[in-house]
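Have a look below at one chain only, the form predicted alone, in structure tokens format.
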């Protein structure tokens, strides 16, 4: 009985916390996330309470984690790809309208010089103009938002000397937060260290959600196609709101030459980089694994340890070390090449040399993994096959091509596909080694000749001045489809059941 009470009590507390989170997200207008957590909470309760779903409770955490961290982000990114979501179109229409209507400006039509007095009852401010003086009641001068202080022409100004200008400078933050209420209802705020001026709303709302600039008289109309308030002359008010853009982002990737050109160039390089890395690491790893199987080599344990070390060192450390070694002016590699051959390759400024450098570094980082795989697979090949081939007069090359490679290819194929998929999205290598440089001339978005699609997407989303998340999400969706399609093709070609 006690155990049941404890069980239901804990469940009730967890459900209550989840519902509080859902309500909080809904109150913040995060409807998508509120719905996500509502579905997860309802499904969790159903699995835990229903006896028919008893067996599913053990696998539910994995399924929920997959939905929360894989499926939902993927669907969310796909959804963003069909919008104009960007740095200038982050908010909803209601929030944009609230933001614009909350803007004010200080009118120079009613400007008052002032003196500030410090009395026993508090501070007193005296506004001066050609029409007379407005004097406040004593108040406390504090930083932050404070209630408006009323000023009146009938109040008596304090005697004595006002505060000196240096004392006013010390109180400038508090004076900047001070609001004064004139007898006619106008609100005054500090326009400079020596004057207060009238605060007026910058925009006024009229019918059909149009906004009129009270200073210029220009009217702005909401354009639901672009997500901006626009005037008749085409001027836009920032920020804008998020609207459905349909397939516009995907069309830009195909039809806009300043995007499609760099995209195709980066796409081809990404394919070549991924395939080249798999081929080079496999060849080098298989070669070293075969050498370490050679009976005449002594100290195999030492060699294995030394050859696996690049796999044990964190990748970012190795990448930064290579970045220094390949330095065009002071790197050891160029110093050696210049002393031996009289050349100093431009590793970071020449596109071909930069790509070659990336392949060299990634081959160094990836060969230990392939070597370990090949060493394990080579152990499973019967020695009788090599003895029989030796009797037929076959050499090492024939053994490699006719025995070793065919026998290890099938079990190695899924791992090669996984390596291809990983290198297709190898963001860390590009970000730390070249940053995508050198840049592609004529691209309207940040794009480099050494960028992979994943780093290209990142630069569009977070380094472009417009931070075009919608376009980046569209490209990310294309990357997902391409990697998935290529992986399926490779699996089919490898005759592996999925």
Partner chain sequence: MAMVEPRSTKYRVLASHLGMLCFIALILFPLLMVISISFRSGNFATGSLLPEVPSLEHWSLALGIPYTDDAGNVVQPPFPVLLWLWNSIKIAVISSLLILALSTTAAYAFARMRFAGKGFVLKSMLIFQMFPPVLSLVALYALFNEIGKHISWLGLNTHGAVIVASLGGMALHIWTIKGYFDSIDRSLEEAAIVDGATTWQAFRYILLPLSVPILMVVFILAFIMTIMEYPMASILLVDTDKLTLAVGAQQYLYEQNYLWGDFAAAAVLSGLPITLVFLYCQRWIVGGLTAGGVKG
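Numbering follows the first chain given and starts at 1. For clarity, every value in this text was computed on a predicted model and none was experimentally measured.
FYI, the form predicted in complex with its partner chain isn't displayed, but the following is about it.
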Next item on the list: Within 4.5 Å of its partner chain in the predicted complex, counting heavy atoms only, one of 417-425, 236-244, 268-276, 173-181 shows up; tell me which.
Entry: 417-425
Next item on the list: Give a yes or no on whether each residue among 36, 284 and 315 has a heavy atom within 4.5 Å of its partner chain in the predicted complex.
Entry: yes
Next item on the list: Would you check, heavy atoms only and a 4.5 Å threshold, whether residue 217 touches its partner chain in the predicted complex?
Entry: no
Check: Looking at the partner-bound form in the predicted complex, is residue 103 within 4.5 Å of its partner chain by any heavy atom?
Finding: no
Checklist line | Contact flag, residue 223 vs its partner chain in the predicted complex, heavy atom cut 4.5 Å | finding: no
Note to self: Whether residue 65 contacts its partner chain in the predicted complex should be assessed with a 4.5 Å heavy atom distance threshold; does it?
What the structure shows: yes
Notebook entry, point to check: Of the options 93, 369, 250, 280, which one has a non-hydrogen atom that comes within 4.5 Å of its partner chain in the predicted complex?
Noted result: 369
Item checked: One residue of 121, 169, 401, 336 in contact with its partner chain, assessed in the predicted complex (non-hydrogen atom, 4.5 angstroms) -> 336
Notebook entry, point to check: Heavy atom within 4.5 Å of its partner chain in the predicted complex: which residues of 48-66 qualify?
Noted result: 54, 55, 56, 58, 59, 61, 62, 63, 65, 66
